[in-house]
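Given next, in structure tokens, is a single chain: the form predicted on its own.
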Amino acid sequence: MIWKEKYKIGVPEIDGQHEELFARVTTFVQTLRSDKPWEDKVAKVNETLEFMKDYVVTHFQDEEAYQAEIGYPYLEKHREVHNNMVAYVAAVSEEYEKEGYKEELMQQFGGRLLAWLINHVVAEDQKIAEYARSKEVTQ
């Protein structure tokens, strides 16, 4: 999954966060798909999971603050999507720790995270950029 300039929404802080998320998720998925034994992947998987638990919350708060600032009419719907992802990441993390660091759960998580990130940034977040352009909001 490669970050592309066309994914930018025009807000440097948020675009940088998106780029970081793409890089982290790409590395995570590559780690999961590698031929290494699971024991060799666990450290990177744990690191990524901890990063995601914190970073998505920060990123979502920043993105929602920008939406509020520009008067984005779909902020509440967008916030609900964000809250659902935060809850999903927390639930997976809890299950992962409880169930003993199972690879299968992380494979499912990686696939869903990848699909969500692409769909969200490429589709939903682009609507924010379109709205900002239509209102001639600049950063």
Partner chain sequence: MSKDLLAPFSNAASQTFKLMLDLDVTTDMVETSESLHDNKEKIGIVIEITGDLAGEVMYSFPKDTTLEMVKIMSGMEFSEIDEFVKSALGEIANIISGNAMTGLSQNQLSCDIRPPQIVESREGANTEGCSIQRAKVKTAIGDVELNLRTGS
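Numbering follows the first chain given and starts at 1. All values reported here derive from a predicted model rather than from experimental measurement.
Note that the form predicted together with its partner chain isn't included here; everything after this is about it.
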Are any of the heavy atoms in V86 no more than 4.5 Å from a heavy atom of its partner chain in the predicted complex? no
So, in the predicted complex, is L32 in contact with its partner chain at a 4.5 angstroms heavy atom limit? yes
Taking the shortest heavy atom distance, is K41 within 4.5 Å of its partner chain in the predicted complex? no
With heavy atoms only and a cut-off of 4.5 Å, decide whether K102 touches its partner chain in the predicted complex. no
Please determine, with the chain shown alone, which of 62-70, 94-102, 41-49, 110-118 has non-hydrogen atoms within 4.5 Å of its partner chain in the predicted complex. 110-118
